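In the form predicted on its own, a lone chain appears below as structure tokens.
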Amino acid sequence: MVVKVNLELTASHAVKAVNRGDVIIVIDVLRCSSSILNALANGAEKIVPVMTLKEAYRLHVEHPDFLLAGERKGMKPERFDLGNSPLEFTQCKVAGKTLILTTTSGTVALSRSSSAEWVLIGAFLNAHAVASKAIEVAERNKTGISLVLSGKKGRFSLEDFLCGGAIAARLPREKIELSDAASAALLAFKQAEDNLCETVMTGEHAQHLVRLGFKDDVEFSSQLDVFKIVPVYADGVITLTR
């Protein structure tokens, strides 16, 4: 079978992917997806994404041994253990731990995708690995693939669009049919590939993070195929591939 590859531009459109029954890849390059990947790569046991600060604080009262992580307006909220910088999620801080994570856009996209059978987390950092897992699951279950971009506060995000293209580029061309949106992302990525970090840096969100002092996060998150792991969101928890 030929696998249809769709692309949704913002978190609010995740319901379309859910209704199609697609394997969903949630993408929030700066910085939620990259933080999840680095946390799990450094030994975090699991991550519990929540949409609101209120939910995060409530869950932490119930489980005080869990670490609070995330951001609002790019910065670490009050009483949180970690922000949303992927570089904060070091082995000495997260190994063996459960994290409660809330971010402005990424955890919203995850929540809106939660009723799908398969929800994977993608980034530049694991583009090849997540593409390979997605096509495997889609072929086995005879479904499509949807690249769901988290966006920036409900708006288009350059880096997420480019990442959608990077993942599409790593899918076997002979086995897929790209939607127009996915084709556009692939073309954009191919144009930017040789100067990927520099291109990401031109985006509004990257510039905002640089102004806040997080240039290193943007550079880290713009690396391709660093990790071979694929986080999966199921039953309210993110772990490594099931």
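Note that this is a predicted model, so its numbers are computed, not measured. Quick note: we count residues from 1 along the sequence shown, nothing fancier.
In what follows, reference is made to the form predicted together with a small molecule, a form of this protein that is not presented.
Using a 4.5 Å cutoff between non-hydrogen atoms, Leu209 counts as a contact of the small molecule in the predicted bound form. Taking non-hydrogen atoms only, Thr103 approaches the small molecule to within 4.5 angstroms in the predicted bound form. In the predicted bound form, the small molecule sits beyond 4.5 Å of every heavy atom of Ala39. Contact check for Ser146: every heavy atom lies farther than 4.5 Å from the small molecule in the predicted bound form. Contact annotation for the candidate site: Asp28, Arg31 and His205 all lie close to the small molecule in the predicted bound form (heavy atom within 4.5 Å).
Look at 187-195, 57-65, 171-179, 31-39: in the predicted bound form, residues with non-hydrogen atoms within 4.5 angstroms of the small molecule sit in 31-39.
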